[in-house]
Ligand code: HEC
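A lone chain, given as structure tokens: the form predicted alone.
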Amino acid sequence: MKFIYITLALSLTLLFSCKKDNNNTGTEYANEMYHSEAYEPLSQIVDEKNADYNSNPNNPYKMNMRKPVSNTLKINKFNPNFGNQGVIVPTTYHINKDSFELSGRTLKSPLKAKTTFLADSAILVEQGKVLYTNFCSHCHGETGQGNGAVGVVYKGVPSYSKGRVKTDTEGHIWHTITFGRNRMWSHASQINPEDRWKIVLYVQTLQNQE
């Protein structure tokens, strides 16, 4: 009989304790499993007596940010160490998007500086061709005549082997891929700087075709 009374009491307690309250999420056990503790990376309170103490005990020196891995590059930043020193100016990638002619005069391919044998150059050009096919041929066409499937509809895509574009330097081409020009949009978010230079090498072969 006593067991029945206890069971009834617990049932009534549970029944009346249930009510709709959108502001009450209920009791959480091991709430760290539901709500991870966030560490603000750009500000850090190291004083444990401070009410706003915010320091990650799992990192060296309780830092909120880990030191980047060696040779890590920021997104869309040019690596001044790529290629031979002295060939690339560290501020190369920070040329203004409107400085097309400046790029044409000053930017030189680091791949050419790295290439010692003709075989190396052929490999880079072939890699550039693959990249060109993937990213450029839909507008510029397989042979760079501006007659790709999209280029025919989009209109105004120039030929690499005719007119002004035939005389564009490697700096001009790299600048165009990076920042866009006229109706062409920037491809910097899709193609990393080294691959852009490979495309430049291949485009230069299309400039020189008859």
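Every value quoted in this text rests on a predicted model; they were computed, and no experiment measured them. We number the residues from 1 along the sequence you see.
Same protein, other form: the form predicted together with the ligand, not shown, and the subject of what follows.
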Checklist entry - Within 4.5 Å of the ligand in the predicted complex, do 105, 111 and 179 each have at least one heavy atom? => result no
Checklist entry - Might residue 136 be said to contact the ligand in the predicted complex, defining contact as any heavy atom within 4.5 Å? => result yes
Next on the checklist: Can you work out whether residue 154 and the ligand are in contact in the predicted complex, taking contact to mean some heavy atom pair no more than 4.5 Å apart?
Outcome noted: yes
Checklist entry - Do residue 63 and the ligand come within 4.5 Å of each other in the predicted complex, heavy atoms counted? => result no
Next on the checklist: Taking any heavy atom pair closer than or equal to 4.5 Å as contact, tell me whether residue 199 reaches the ligand in the predicted complex.
Outcome noted: yes
Item to check | Sequence-ordered residues of 167-200 touching the ligand in the predicted complex, heavy atom within 4.5 Å | outcome: 168, 172, 173, 176, 177, 181, 182, 183, 184, 187, 191, 199
